[in-house]
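Here we start with a single chain on its own, the form predicted on its own, put down as structure tokens.
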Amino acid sequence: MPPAVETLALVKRFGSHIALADASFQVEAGEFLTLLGPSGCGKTTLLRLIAGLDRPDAGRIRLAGQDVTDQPAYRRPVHTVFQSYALFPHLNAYDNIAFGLTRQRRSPAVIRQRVEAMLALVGLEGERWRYPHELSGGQQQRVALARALACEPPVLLLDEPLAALDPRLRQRMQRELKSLQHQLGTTFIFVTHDQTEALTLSDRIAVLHNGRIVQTGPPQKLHAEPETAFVASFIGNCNLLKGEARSRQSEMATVVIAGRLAPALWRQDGAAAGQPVVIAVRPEGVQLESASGDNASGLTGRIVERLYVGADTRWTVRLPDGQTLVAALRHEPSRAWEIGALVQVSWQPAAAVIVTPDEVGDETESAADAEREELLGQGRQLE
């Protein structure tokens, strides 16, 4: 079977700004694929091109093997759920869900049967006569989903549909959305800038940066094996450390960081020992132990910041060459270091990976700064 959705070298410009460059990917039937990236990376533009709401400047779009690049939105076998839900305020929940079926001129009996099934599917049987302003945000979101699914589209496009919900309701709706997709087997293409949401929901994730798809794969692979510094930083907020490759044996390498040796995976082709490299290691993969004296063996550094965030403590360590990294450690009495304490830094060889250097965009740095400020706030409340 051909892919449910296939894009071939899509390009979209807005004036002199290139919003999307050479975007190519495939989505299999029944797959839940997420377009993930910071604001302005091109993910919503890509979704709008698939929906037919915008036209590409170059490239092609195929749905189930059929080229639809030049077809208008209303002729494409897709439906879109927007962040705003776009419910009709003068129609109740029942009539909102029935709207698309009515436009398709289905029989009254088919419409009634289909709407009743959708109301049961999203758990809103008792709210059918309520108007949008009488529904909660989560209920409005369910009505929007039910309206889109009532026409049985082979592909459903979702543009940050959970962004307006509060955190607790958002988590609940994530579970319900994933369950709904499994029940129906519909192909979902989901847009979000939330890394946790993408990891939770997706069969595969396509990460976008500056209008380009920089890596595509299952959540576990992107989390454990990022290919670029941007992906490592954006998904899971990896520590990025500069070093020099000393030796390589198969997929394992020894890297010099701050004058000391450290292990890392090296899966890139064409790389050679002796060149500058960037290491990505996640905070939860970093181990710290007390060190005695500046001549302690291995990679060492000094504690410069501590953030207590409930489940663990984030320790920021400055290495002798000025680079910093964060370790996320569970609470133990032996780990109650003071600011300025000398610690030994280590990680398991598989916990670090050599990635392709790139310019981590301002959006990622802003996101990292925002997360750090959030953690600081949590730390102040909990201490």
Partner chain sequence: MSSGAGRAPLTTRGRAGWVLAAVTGAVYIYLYAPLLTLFLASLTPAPAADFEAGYVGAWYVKALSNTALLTAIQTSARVALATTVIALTLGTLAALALGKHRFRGQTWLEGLFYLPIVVPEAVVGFASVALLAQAGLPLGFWSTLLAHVAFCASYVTFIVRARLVGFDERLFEAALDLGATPTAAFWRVTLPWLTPALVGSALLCFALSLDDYVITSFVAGDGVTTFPVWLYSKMKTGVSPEINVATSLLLILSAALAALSQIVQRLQRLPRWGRLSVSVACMGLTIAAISPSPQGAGEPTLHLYIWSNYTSEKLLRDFETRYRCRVVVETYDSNETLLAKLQTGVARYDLIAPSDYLVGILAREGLLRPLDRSRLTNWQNLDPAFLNPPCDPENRYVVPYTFVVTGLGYRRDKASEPVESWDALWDARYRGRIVMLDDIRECFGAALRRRGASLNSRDEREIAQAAEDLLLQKPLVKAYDSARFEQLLLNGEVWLAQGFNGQIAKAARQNPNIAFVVPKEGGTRAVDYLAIPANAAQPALAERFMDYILEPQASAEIVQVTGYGTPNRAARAFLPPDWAGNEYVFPPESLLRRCAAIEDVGAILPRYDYYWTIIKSK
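It should be emphasised that the depicted structure is a prediction, and the values quoted were computed from it without experimental measurement. C-alpha atoms forming the largest set that superposes within 1.5 Å between two forms make up the rigid core. Numbering follows the first chain given and starts at 1.
Keep in mind the form predicted together with its partner chain is missing from the figure; the text below concerns it.
This chain is displayed alone, yet in the predicted complex one of Leu177, Leu119, Val78, Ile257 has a heavy atom within 4.5 Å of its partner chain; that residue is Val78. Proximity to its partner chain in the predicted complex, defined as a heavy atom within 4.5 Å, holds among Val309, Leu165, Ala73, Ala273 only for Ala73.
Shown alone, this chain has one stretch from 275-283, 109-117, 215-223, 131-139 that lies within 4.5 Å of its partner chain in the predicted complex by heavy atoms: 131-139.
When its partner chain is considered in the predicted complex, Ala351 lies well away from it, no heavy atom lying within 4.5 Å. Heavy atoms of Leu87 reach within 4.5 Å of its partner chain in the predicted complex, making it an interface residue. In the predicted complex, its partner chain sits within 4.5 Å of a heavy atom of Arg103. Although the partner is absent here, Ala64 is not a contact residue: none of its heavy atoms lies within 4.5 angstroms of its partner chain in the predicted complex. Annotation: in the predicted complex, residues Phe32, Arg172 and Arg204 none come within 4.5 Å of its partner chain through any heavy atom. Residues of 149-175 include none with a non-hydrogen atom no more than 4.5 angstroms from its partner chain in the predicted complex. If you fit the rigid core between this form and the one not shown, you'll see the Cα of Tyr308 move by less than 2 angstroms. Superposition on the rigid core between this form and the one not shown places the CA atom of Arg212 less than 2 Å from its counterpart. Shown in the overlay between this form and the one not shown, fitted on the rigid core, is a CA shift at Lys221 smaller than 2 Å.
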